[in-house]
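In structure tokens, one chain follows: the form predicted on its own.
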């Protein structure tokens, strides 16, 4: 029959990795035995000594977490306020843009007011859930990283950091990761969800389906590289090599994107036709706008990286 000590030890070690259990069990039992012996020597009955010893050790789940050296919270205090600020910023910026876009598309398709309101609310809720989930996931992973588990030391003059490259903060890192994942998710979403369907009832995507043979997988590859770049940037800060990598990544996206737009290989003609737009509208209006947006965003990102790399070089002198 299991003793109270047996049950307590099992409650502590059951959630620990298998390779840690034996060592921690021996250590914990030795501590319990020593404490019980001291109490018995002081005149306590053995059952009372066991009870009081275990009670003094406290909640076995909390003790287990301390042995595992893992945080027992989702978002740690070091990142909580950055998490809240970023989440508010994403909701303030992304949700109104999403709602306005859905409203415009539904209006152009001639949907009734009820359908428009339902689509706007439904899409806004779906986007809000995704933004909250992915932002929380990234912050939770950061909280559980080795760096995040280190205790926060009290502030002192000696703890002031040296001047180094401009660092990328947690909000910038999470915003980059969430945006990239959101962008990838939007590409997949538009393929299987649409306000229009063909004769067979299948959704008509916004992007040309032929892009899935090469260019969309290529974009997903670039997104993966951008995720790695964002993490490296967070860990090292801006410098000239990373600024050059940033240029390469922007060019790798910009050149194929402009070529596809100029050759009218991005937007699905069947989708534009359902909207009732003229066949030449994509090339005469939408294409120049897309090119200007792509060039403007890429140029701004490259210039920003160059400026920050230069500041880092100056700071290290």
Partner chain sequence: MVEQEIVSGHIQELRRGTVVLACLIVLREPEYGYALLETLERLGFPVDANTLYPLLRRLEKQGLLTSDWNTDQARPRKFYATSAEGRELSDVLSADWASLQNSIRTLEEGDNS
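We call the rigid core whatever largest set of C-alpha positions still superposes within 1.5 Å between the two forms. Since this is a predicted model, take the numbers as computed values, not measurements. Residue numbers count along the first chain shown, from 1.
The following text describes the form predicted in complex with the partner chain, which does not appear among the structures shown.
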**Prompt:** With the partner removed from view, which of 29-37, 249-257, 262-270, 288-296 is the stretch that lies within 4.5 Å of the partner chain in the model of the complex, judged by heavy atom distances?
**Reply:** 29-37
**Asked** Heavy atom to heavy atom, is residue 24 within 4.5 Å of the partner chain in the model of the complex?
**Response** yes
**Request:** Find out whether any non-hydrogen atom of residue 63 is located within 4.5 angstroms of the partner chain in the model of the complex, and reply yes or no.
**Result:** yes
**Prompt:** Going by a heavy atom distance of 4.5 Å, is residue 67 a contact of the partner chain in the model of the complex?
**Reply:** yes
**Item:** Partner contact for residue 275 in the model of the complex: the partner chain, 4.5 angstroms, heavy atom
**Value:** no
**Item:** Contact set, 51-65 vs the partner chain in the model of the complex - heavy atom within 4.5 angstroms
**Value:** 56, 57, 58, 63
**Prompt:** Any chance the CA of residue 268 moves 2 angstroms or more between this form and the one not shown, core superposed?
**Reply:** no
**Asked** After the core is overlaid between this form and the one not shown, has the C-alpha of residue 24 moved by 2 angstroms or more?
**Response** yes
